[in-house]
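Read the single chain below, which is given as structure tokens and is the form predicted alone.
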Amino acid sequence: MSGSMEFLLWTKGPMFNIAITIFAIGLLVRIAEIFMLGRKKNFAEARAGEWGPGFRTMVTRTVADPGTFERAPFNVVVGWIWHIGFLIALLLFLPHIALIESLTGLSWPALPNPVISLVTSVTLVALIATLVHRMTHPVKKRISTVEDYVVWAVVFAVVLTGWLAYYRLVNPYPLVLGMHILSAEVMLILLPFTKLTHIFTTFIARWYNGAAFGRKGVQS
């Protein structure tokens, strides 16, 4: 690898294929593992349906209840800001949509670049705030693990390098674009094996809990 362009081509070629393969196989195994967990068959007569309560719980537990907001307003507000900001930058930035279309054939309208830039900047600030909060809050500091900081660093690197590439603040440009792509690939590789898996498993878990409570005839 003799230059920034070669580095960029490597991230867009061989490294991309490696990352996608590890991500797909790892996620498939993880999802299969979840659905194949041995669960005792419930022989009790169902008091209510499962699908309705399951979907209702997916919604109700996605929106923080007043009690949760009163106990941890920072976690709720800042957490929502950076999660939504990350998804907007990921799914509504034109180059990202073009990449998704090349892989799946699916596409949708993009947001204007200035809007994506503003959202990305806010997301960066929110991510920094979450790190400071984690390192200074007595309880969160005690329960945080190395994995928590690794996950934060990977997500932050993806957003930061994207922001730097958008404004072309690093020369040569192929280098920072390659860094952005590589950080996204590292995130893909780590996703099935870390807490990042919650991107796919959160709603499955919420549906399962709601369905279980619905079968028992109670609301969660």
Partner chain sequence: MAARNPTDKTLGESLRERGVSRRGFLKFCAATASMMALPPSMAPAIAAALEQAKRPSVIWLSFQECTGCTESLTRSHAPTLEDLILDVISLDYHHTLQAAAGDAAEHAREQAMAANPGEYLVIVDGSIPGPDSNPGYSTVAGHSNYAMLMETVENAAAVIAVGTCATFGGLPGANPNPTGAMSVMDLVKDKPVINVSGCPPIPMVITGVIAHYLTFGRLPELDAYNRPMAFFGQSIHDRCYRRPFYDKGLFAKTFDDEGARLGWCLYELGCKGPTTYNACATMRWNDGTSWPVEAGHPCLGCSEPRFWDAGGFYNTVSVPTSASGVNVLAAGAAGAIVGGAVAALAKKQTKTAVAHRQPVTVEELEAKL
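Numbering follows the first chain given and starts at 1. If you're wondering where the values come from, they're calculated on a predicted model, not measured in any experiment.
What comes next is about the form predicted together with the partner chain, which does not appear here.
- Contact annotation: residue 47 falls outside 4.5 Å of the partner chain in the predicted complex, judged by heavy atom distances.
- For the chain shown alone, residue 198 is not a contact residue for the partner chain in the predicted complex, no non-hydrogen atom being within 4.5 angstroms.
- When contacts are judged by a 4.5 Å heavy atom cut-off, residue 163 does not count as touching the partner chain in the predicted complex.
- Residue contact check for residue 203: none of its heavy atoms lie within 4.5 Å of the partner chain in the predicted complex.
- Using a 4.5 Å cut-off to the partner chain in the predicted complex, not one of 61, 75 and 186 places a heavy atom inside that distance.
- Residue in contact with the partner chain in the predicted complex (any heavy atom within 4.5 Å), chosen from 99, 128, 118, 92: 99.
- Across the options 134 to 142, 120 to 128, 107 to 115, 83 to 91, residues that bring heavy atoms within 4.5 Å of the partner chain in the predicted complex belong to 107 to 115.
- Counting a residue when any of its non-hydrogen atoms is within 4.5 Å of the partner chain in the predicted complex, the hits in 164 to 196 run 166, 168, 171, 172, 173, 174, 177, 193.
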